[in-house]
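Take a look at this one chain, the form predicted on its own, written out in structure tokens.
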Amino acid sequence: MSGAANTPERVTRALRELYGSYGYAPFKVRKFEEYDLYAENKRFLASRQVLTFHDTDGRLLALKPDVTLSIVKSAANGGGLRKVFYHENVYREPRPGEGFHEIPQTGLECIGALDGYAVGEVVMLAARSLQIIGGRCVLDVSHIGLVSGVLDAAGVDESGRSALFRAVGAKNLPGVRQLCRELGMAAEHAAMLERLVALYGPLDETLPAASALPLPARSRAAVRELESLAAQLALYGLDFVNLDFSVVNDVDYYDDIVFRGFVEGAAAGVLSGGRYDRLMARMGKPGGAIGFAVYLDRLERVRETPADYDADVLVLYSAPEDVPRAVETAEALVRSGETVRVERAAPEGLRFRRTVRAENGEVREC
């Protein structure tokens, strides 16, 4: 997509086409759910604050702060896979103290009898979603089990784990060292954790360094899953996927493969996702689940940076009899993927890659 054409609306349309082409069906939810759904699963919400109101029958309802809970709630208990995508608004605080925002999201979920292929397909679709957004992009991938395995072996308790995951997520190596000392971690476990935090680079090139470490069994199993994922992503020709163990997302929510996507011009990630089998078990659903969301409100901030051009081609015409030729020219350019502006005279203050004039039945470059 060219920068001038790459609006959130066009991104959303292109994402729907991408997900549909791999057999994901559209999913629609109401703006609100019964509050109990969120009260019982607050640890899985990005924001613990929920907007509530009473229905006419006295039930306490909530404007949805999350789409995934609604999708999991509606999932059948049978076998197989359920593959869905959505475009919805959620209502939550982006950060504490900022007040509630209406946040547009597009995303997908794959729920049920997951296998390695299904996981790889979702990660691939996340990567291709970044390509659709446009510009330089990177998808950082990790596995919660790798760090958790080291903490299990070190005997770190729940509060210590939370503090260490926060430090790992911030790539705060001095903070990791300090916490390891305070928690009395054995030197070999502390050193292993520090080396994992420092690892970063292309997935297939960096995994051997992780695999070479004397990892505990759970961590080694996580490495094998990442190796399988890397092999599948290589088949798709994706060369912008990195290994980054600081990607921990929300460890109350995710428990396996996790990933985060970035595009040039956005200060924060525009895509986040991972596997969340723990939520499935809590809600009494069999199988596993993996998904991601694209934060469309952050794309608006990316577009605050002026594009090089307001449109690819300016098509000029001089007289009413030139209109048919101008229309024909504009339609051909749009079909070829270029953006077009048709005017009788060149508009002031706008920039175009090139200008053509439709006149006397001909089209010529200006």
Partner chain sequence: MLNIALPKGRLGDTAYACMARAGYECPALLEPNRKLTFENPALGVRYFWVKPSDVPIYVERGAADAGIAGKDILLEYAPDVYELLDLGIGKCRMCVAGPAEFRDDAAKTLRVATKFPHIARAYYSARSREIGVIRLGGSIEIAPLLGLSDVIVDIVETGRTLKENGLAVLEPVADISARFIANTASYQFKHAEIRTMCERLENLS
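Numbering follows the first chain given and starts at 1. Predicted, not measured: the structure shown is a model, and the values here were computed from it.
Keep in mind that the form predicted together with the partner chain is missing from the display, and what follows is about it.
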4.5 angstroms heavy atom contact with the partner chain in the predicted bound form for G288
no
Does R218 make contact with the partner chain in the predicted bound form, using a 4.5 Å heavy atom cut-off?
no
Decide whether P174 counts as a contact residue for the partner chain in the predicted bound form under a heavy atom distance cut-off of 4.5 Å.
yes
Closest heavy atom of D115 to the partner chain in the predicted bound form, within 4.5 Å or not?
no
Selected contact from E121, D256, D140, E88, since only one has a non-hydrogen atom within 4.5 angstroms of the partner chain in the predicted bound form
D140
Taking the partner chain in the predicted bound form as the reference, which of I71, A190, V263, A127 has a non-hydrogen atom within 4.5 Å?
V263
Answer yes or no: in the predicted bound form, does the partner chain come within 4.5 Å of a heavy atom in every one of R59, E109 and D250?
no
Partner-facing stretch of 274 to 282, 146 to 154, 225 to 233, 129 to 137, counted where any non-hydrogen atom is within 4.5 angstroms of the partner chain in the predicted bound form
129 to 137
